[in-house]
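A lone chain, given as structure tokens: the form predicted alone.
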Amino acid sequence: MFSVESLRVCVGSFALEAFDLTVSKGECHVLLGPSGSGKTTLLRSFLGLLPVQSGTIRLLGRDITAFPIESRGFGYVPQHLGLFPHLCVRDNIAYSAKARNVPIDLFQPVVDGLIEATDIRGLLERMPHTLSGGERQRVGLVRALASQPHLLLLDEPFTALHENLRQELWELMRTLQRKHQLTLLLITHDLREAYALADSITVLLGGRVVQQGSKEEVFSRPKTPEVARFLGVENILQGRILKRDALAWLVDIAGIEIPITAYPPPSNTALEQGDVWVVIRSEEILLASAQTPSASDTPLRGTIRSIHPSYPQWKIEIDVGFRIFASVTRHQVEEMGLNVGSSVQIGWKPQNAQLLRSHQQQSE
């Protein structure tokens, strides 16, 4: 549906090289990365606002690399929305469709449905400066969709909104996507937003694509320690494989030998022996009192060093010979009587541990 092949685009000394992307019809693909990673540079090149040095941009199989922005068939919701201040909401919505000569009999039924879905009928005669942030977001979405674009590009449109309103608009966006089979390309740095909206994800760090795949694959199986760290994984433990048998790797972490059954088993033979990273999300750590039978095959005993209240889960720092974090609810903390200095045991299920090659091995 939408594809990018071997794209190279430069802004000053910053360059994105050999970028590839395919977005299927009805899919929401998220370009995810921190500020300065190249997300906006890519988006501007897709829109035709930045020239590309090489590569091809296609929509519905048609090469649109050299097309002007108005001929590309995109809808666009910028971060600051860009509503025309001198036009009322009704005229703002009609503008994009009129500019593209969309016939009124095609335009009006779609707009009427979007107005009802987004609950903005009472806003149609109002001017943009009288709208709240959430109202402006809804108007911006309807305006972008009014001309029935083949692809909707969204550049961090929910960033400035408070949490409850953002979640409400995420749900609205998913509802509109399913109902109208929308194809979306979303730019964001927000992990929760990416997880709420994405079907597939490209992770950009430092101007490089470091991982690309389904939402589930990217979040549950980061390919490198830097991706895991960006995705908020707290437990990224440096270790060394001592030996491997048919069932597990014996890994030395800070002088402690731990059998680790990573799932699925990494196929790369470089993991037979040598330096590795053991990656486990804090929410996957099984925490129990020292007296409770462990649910893990490889329990470790340790002492709580700190407890950090938060919402929805509290973060528990545990010393088991090395530092490791677990996430539990406030109720669990109270029920287990956890305090700084408490003796506990931890473990994890085999499918929740991941072994990654060290940087040196990745470079070989």
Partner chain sequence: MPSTLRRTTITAAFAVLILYGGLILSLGWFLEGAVFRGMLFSERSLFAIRLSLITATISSCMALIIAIPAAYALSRYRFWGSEAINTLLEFPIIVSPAALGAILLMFFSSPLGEWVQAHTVRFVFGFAGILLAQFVTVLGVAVRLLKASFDEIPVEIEVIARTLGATPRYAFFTVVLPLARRGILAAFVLSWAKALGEFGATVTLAGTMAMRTETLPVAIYLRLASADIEGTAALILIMVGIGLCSLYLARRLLQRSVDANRMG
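Residue numbers count along the first chain shown, from 1. Please read these numbers as outputs of a predicted model, since none were measured by experiment.
This next part talks about the form predicted in complex with the partner chain, which is not shown.
Checking Leu242, Ala99, Ile256, Leu191 for any heavy atom within 4.5 Å of the partner chain in the predicted bound form turns up a single hit: Ala99.
The listed set Leu60, Ala66, Ile307, Ile69 contains one residue whose heavy atoms approach the partner chain in the predicted bound form to within 4.5 Å, identified as Ile69. Contact check at 4.5 Å (heavy atoms) against the partner chain in the predicted bound form: none of Ala117, Leu161 and Thr183 pass. Note that among 307 to 315, 46 to 54, 27 to 35, 326 to 334, the stretch whose heavy atoms approach the partner chain to within 4.5 Å in the predicted bound form is 46 to 54. The partner chain in the predicted bound form is not approached by Trp249, whose heavy atoms all lie more than 4.5 angstroms from it. Residue contact with the partner chain in the predicted bound form: Arg143 places a heavy atom within 4.5 Å of it. Remark: Ala288 does not count among the residues lining the partner chain in the predicted bound form, judged by a heavy atom distance of 4.5 Å or less.
Taking the partner from elsewhere, Thr202 is found to have every heavy atom lying beyond 4.5 Å of the partner chain in the predicted bound form. Of all the residues from 120 to 154, those having a non-hydrogen atom no more than 4.5 Å from the partner chain in the predicted bound form are Met127, His129, Arg143, Ala144, Ser147.
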